[in-house]
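Just the one chain here, laid out as structure tokens, in the form predicted on its own.
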């Protein structure tokens, strides 16, 4: 297991470097000039020759006249900066946000906390619902409850998440006035302590979490149901029942353990996909998260900030795929991941 994990980490590093190079090259193909963006505020106060001199000096200071590969290596922290030091991604420098006028790492910290906070809650809630419902539908295949859930899951799987968001906003915010329609905190309020701030944030993200949970019920429930149906049709299940084992032991100790292997893949894959789905949710509910920040960066051509967020999603995907492979051996001892 240890050798396999080390080898996979080596692959992750290689893939990360390739993806980062491609993304950096792609964003640098978009017409933009960070030096002119920084001088936008003082352009009107300078004579044309003064502005041009300052512009050339700033380009040299930022290293914008260097070849693309040199700028990429400098951005990664594998090449010395113009001042002779290493100050790139590997050293914790995620770049400078031209729109927010501060380091990208300072811009990302709070939205990242909010995005992880929302996704963790929706994941726990979704798995707590989909796994029992999927098992129950598989055990009672073809019954009225199973047929009803098939209709519900197909609807949930087919309707886009932004449509679900608008429907829930109409009922819970406009019609019943239970939850706020947008934002992650109450405007103009001063919190007495951290607990009060936490409760207020929890109140604001409840509806987005409900929407993300509802949107994920369809796909995950069908995955669990199909995996359990396949496991329950195997010969060892009939043998276990013939031996007189209780039905709960047959379902949870025998069938569910063997159905867990394909479900694990689906769970991790779905967990990674909800980060991309949160882009829509955060924009719809005006939440201060990574998805909304990513959209703002694209609209304002703040490409260093966008690259930093893109690298976050890349790391999440690569580490998630490693966890999927390692979990195979933990869930099913028959699968060997050490070779």
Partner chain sequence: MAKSKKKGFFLWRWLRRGVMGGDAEVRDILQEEQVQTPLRTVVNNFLHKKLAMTGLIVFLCIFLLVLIGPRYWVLDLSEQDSTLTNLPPGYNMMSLPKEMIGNVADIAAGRTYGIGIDRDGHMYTWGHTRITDKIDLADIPDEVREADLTMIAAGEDHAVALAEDGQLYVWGNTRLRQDQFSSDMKRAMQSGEDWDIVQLEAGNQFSAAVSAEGTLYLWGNTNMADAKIRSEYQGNIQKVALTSNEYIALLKDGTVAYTGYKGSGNPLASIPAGLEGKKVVDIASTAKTAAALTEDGEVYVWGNTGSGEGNIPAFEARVTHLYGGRAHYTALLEDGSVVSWGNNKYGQTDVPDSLEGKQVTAIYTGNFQNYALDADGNVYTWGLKGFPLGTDDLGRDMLTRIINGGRVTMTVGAISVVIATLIGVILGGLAGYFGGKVDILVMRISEIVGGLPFIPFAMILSAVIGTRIDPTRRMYLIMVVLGVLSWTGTCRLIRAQILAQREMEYVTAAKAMGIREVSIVFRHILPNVFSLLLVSMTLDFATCMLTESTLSYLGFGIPLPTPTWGNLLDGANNSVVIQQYWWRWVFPAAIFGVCTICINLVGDGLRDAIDPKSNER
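Since this is a predicted model, take the numbers as computed values, not measurements. Residue numbers count along the first chain shown, from 1.
Beyond the structure shown, there is the form predicted in complex with its partner chain, which is absent from this document and is the topic of what follows.
Contact check at 4.5 Å (heavy atoms) against its partner chain in the model of the complex: all three of 177, 279 and 313 pass. Checking 209 to 217, 87 to 95, 251 to 259, 148 to 156 against its partner chain in the model of the complex, the stretch whose residues place heavy atoms within 4.5 Å of it is 148 to 156. Note on the partner interface in the model of the complex: the residue among 169, 131, 263, 76 having a heavy atom within 4.5 angstroms of its partner chain is 169. Under a 4.5 angstroms non-hydrogen atom cutoff, its partner chain in the model of the complex has residue 23 among its neighbouring residues.
Shown alone here, residue 35 lies farther than 4.5 Å from its partner chain in the model of the complex, counting heavy atoms only. Taking the partner from elsewhere, residue 140 is found to have every heavy atom lying beyond 4.5 Å of its partner chain in the model of the complex. Remark: residue 299 counts among the residues lining its partner chain in the model of the complex, judged by a heavy atom distance of 4.5 Å or less.
Counting a residue when any of its non-hydrogen atoms is within 4.5 Å of its partner chain in the model of the complex, the hits in 221 to 241 run 222, 225, 226, 229, 230.
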